[in-house]
Each structure stands twice: as structure tokens, then as C-alpha cells.
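There is one chain below, alone, in C-alpha cells, taken in the form predicted alone.
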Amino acid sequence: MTYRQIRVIGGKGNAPGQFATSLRCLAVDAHGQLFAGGDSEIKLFDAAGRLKRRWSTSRPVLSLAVAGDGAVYAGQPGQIEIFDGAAKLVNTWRGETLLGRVTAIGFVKDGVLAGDAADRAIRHFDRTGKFRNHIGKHNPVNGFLIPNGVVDFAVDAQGVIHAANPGKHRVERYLPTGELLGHIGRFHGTDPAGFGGCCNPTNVAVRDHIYVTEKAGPRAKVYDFNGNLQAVVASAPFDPNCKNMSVAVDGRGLVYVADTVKLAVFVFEPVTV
């Protein structure tokens, strides 16, 4: 399996489709549209990478997710803002204790998940925002090991949560009720199949495979669900100082990676031989 870069979206600047100071998070919807969060703003790009809409948020956007009904959830310090498909704010969930710093959002059958980097855990809420349980909290270190300051996860088609635990050099699998099912990944300083440095992988996405990004040096990789490396998507395009590069994958298999220094989204497609 190999990939090639097909486009770059955004970049550093003050134009409507660019990012002035930050690019923290990505999400794709069922139509292949890309949502990108940065500069206390959400930008929506169509499947060809053209800017369609942009709107402001009350606090800096740290994470994004699009629900099945088209609602956009924006994780922020201390809260989650929920927008409808027309970018109208319809609800805000607040809570400094349970939503200290929301760096990831996802959905399970009847619930919403929020990664709280302030407490190094994933919160499980019902669809009204009522707290249900913690995920990743019940271990000897009382949470995920995140020297990079981000809790990131993705949910697969069966409702299993795949959470990056960079301090342990692995991606862990959980049920929404909090049970640890297992994990993939191992430490290795030179083998690309392993995770090197102090703390990788930093970010994760799931569709037909498990997609991760790393720092020092930055790269994107693909694994199967048994933990076998399938491809190194890319490393060369990214600024060497990148970390916490959000990754998203659409239904066409396109991989989107946020360069947090160049403030650009690099888009890669699988090459069919």
C-alpha cells in the first residue's frame, strides 16, 4: 500500500481559506467535506478543497466531530459547542471538571465521547450531555500518558474506541463502558512499524484501517486492526517541528493530515497498482 499527495488546503495567512495562528483539528462528514478548526473559527471545505463556509466559535477550537445528522461538535477549553448544519449554535455543554480541555470528540450508538486532556481521560455522555462514565482512567497511572498534552481517539464501525496512549507507545481499544479490550503498537527507535521517541503516536483516526500520526519526526502511518504496518503515508511534506497533527479519513480513502506549523492540510490518496 502506498500513498501520494494530491493537494494542500489552507496554509498560513489571512485569506478566508487560510489560518492565521493555529490549525488544531480536522473532521470529515459523510459527503467528503472537510471541517478544520483553528483561530477560534471553523472552516468548511468541499470535497475538492474549496472553502464553502467559515464561522466563529466562542473559544479556541481544539477538536471537531460531525454527527450523523450533520451537527458539528467543537471541543474547546471547558466546553463543547454544538452547531447545526447551517453553522447555527444550538447548544453548549459546559463543565470545567469533566470538560477541562476537550481535544477529541466522537460518537457511539447512543452517546457522545469527549477526550479531556486536562484529566487525561475520555468522558462518555448521553446525547443530552449527561455524564455516564470515564474511559482510560482506571489504571495505575490514573489516565492516559500524554506528554504532548492531547487525548485523541477514534471510534470504529462496531463502536470500539481506539485511543492513542503515546507514553506507552500504543493505540488502546476500549468499549464505551470503559473496559480495555487490548492494544496495538510497540516501542522501536528505528523500525517504522514501531513507535519511537518519548511519546508516539499522538493522534489516531479509524475507518477501514487505523491511521496515526507521530512527532519528532512527524509522519503519518496506516496499520491493520491486528497492528501490522500497512504503509507510511508520508513524512517529507511536514514541518519537522510539527506535533499533535490531527488526522482524518474520508469514504474515498483520502487521508487528511494537519501540519500544525505550516497551518496547512495535506491530502493523500492511496495508489492503486
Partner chain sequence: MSEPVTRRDLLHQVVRGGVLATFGGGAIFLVQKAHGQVVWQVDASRCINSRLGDTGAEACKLCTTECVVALSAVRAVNEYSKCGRCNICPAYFNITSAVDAQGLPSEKLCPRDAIARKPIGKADPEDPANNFYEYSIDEEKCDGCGKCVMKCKEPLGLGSIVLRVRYDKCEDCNRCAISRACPKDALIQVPVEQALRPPELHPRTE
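Keep in mind it's a predicted model, so treat the numbers as computed, not measured. Positions refer to the first chain, counted from 1.
Although it is not shown, the form predicted together with its partner chain is what the next lines describe.
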| query | finding |
| --- | --- |
| Its partner chain in the model of the complex: contacting segment from 65-73, 46-54, 29-37, 233-241, heavy atom within 4.5 Å | 233-241 |
| Contact flag, residue 187 vs its partner chain in the model of the complex, heavy atom cut 4.5 Å | yes |
| Partner contact for residue 216 in the model of the complex: its partner chain, 4.5 angstroms, heavy atom | yes |
| Close approach of residue 227 to its partner chain in the model of the complex, 4.5 Å, heavy atom | no |
| Any non-hydrogen atom of residue 86 within 4.5 angstroms of its partner chain in the model of the complex | no |
| Listed residue (80, 98, 199, 112) with a non-hydrogen atom within 4.5 angstroms of its partner chain in the model of the complex | 199 |
| One residue of 128, 158, 177, 142 in contact with its partner chain, assessed in the model of the complex (non-hydrogen atom, 4.5 angstroms) | 142 |
| Its partner chain in the model of the complex reached by all of 134, 162 and 182, non-hydrogen atom within 4.5 Å | no |
| Its partner chain in the model of the complex - contacting residues of 63-83, heavy atom within 4.5 Å | none |
